[in-house]
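Consider the single chain below, provided in structure tokens and representing the form predicted on its own.
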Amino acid sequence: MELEFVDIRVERDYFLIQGAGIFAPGIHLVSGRVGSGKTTLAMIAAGLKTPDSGRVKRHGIGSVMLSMQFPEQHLTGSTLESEIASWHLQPCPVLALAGLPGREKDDPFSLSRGELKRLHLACILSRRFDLLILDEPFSALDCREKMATADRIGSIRAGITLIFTHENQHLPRVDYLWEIRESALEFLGSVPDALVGWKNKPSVLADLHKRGVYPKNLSTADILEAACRTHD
């Protein structure tokens, strides 16, 4: 199973994004600043957008899911219960995971965006897909929920997961690291070795590297373990 970008390119006025590479099974973090082209790449990966040139190849991929940045774009149900049912899931465990127990009959639009994001992610992460594409999965979440969501994403053990985000403080364990640099998608390699060449790395990671300490991965637990080693 793999997803391949074959010399893709999208150009509009002053906007350009291009790249090539193969996404193998595992968790891929695609890091890039706001406006760098992450959503465009996510939509291309999902098959919802066609590049101006180049093409996308999918090998052995059956089910594909794109989680868009704004959760209201996914809504189809008039109650939380019907929304969850549209994902072929039972409401009680999903609502518990989202921190919204007992709210089956609530209107989804009565939720705050953060609550709606938690509901959407609870639905997404209760399913399994060959290709899961997460566009800014940490947006609208507070620090605690970002950490909880990162832990859940990092526990995915099947298929290909692509995380497109500018977030660099609360991240999951990942297998591969990519970065958008000067309008081009670049593959940095496998984690942890790829962390050294990451230009947009978190400040805490940059500080640890200056001290000659290298975390095993990007989760909060990995960063804290590495930070503790600086005091040994």
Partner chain sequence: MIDIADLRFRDLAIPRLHIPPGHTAVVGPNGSGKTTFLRLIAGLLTPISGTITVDGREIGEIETGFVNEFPDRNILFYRVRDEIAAPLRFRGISCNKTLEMVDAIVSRAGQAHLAPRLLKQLSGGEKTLVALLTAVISSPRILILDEFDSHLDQESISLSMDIIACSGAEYVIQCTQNMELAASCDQVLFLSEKGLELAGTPEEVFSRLRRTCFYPILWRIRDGT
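Numbering follows the first chain given and starts at 1. Not measured: the values here are computed from a predicted model.
Not pictured, yet referred to below: the form predicted together with its partner chain.
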Counting any heavy atom within 4.5 Å as contact, can you tell me which stretch out of 87-95, 156-164, 122-130, 140-148 lines its partner chain in the predicted bound form? 140-148
Have a look at Ala184, Met65, Val204, Val56 for me and say which one sits with a heavy atom within 4.5 Å of its partner chain in the predicted bound form. Val204
Contact with its partner chain in the predicted bound form for Arg173, defined as at least one heavy atom pair within 4.5 Å: yes or no? no
4.5 angstroms heavy atom contact with its partner chain in the predicted bound form for Lys216: no
Do Ile22 and its partner chain share at least one heavy atom pair within 4.5 Å in the predicted bound form? no
Just checking whether Ala227 would be counted as a contact of its partner chain in the predicted bound form - the rule being heavy atoms within 4.5 angstroms. yes
Contacts with its partner chain in the predicted bound form, stretch 81-120 (heavy atom within 4.5 Å): Phe109, Ser112, Arg113, Gly114, Glu115, Arg118
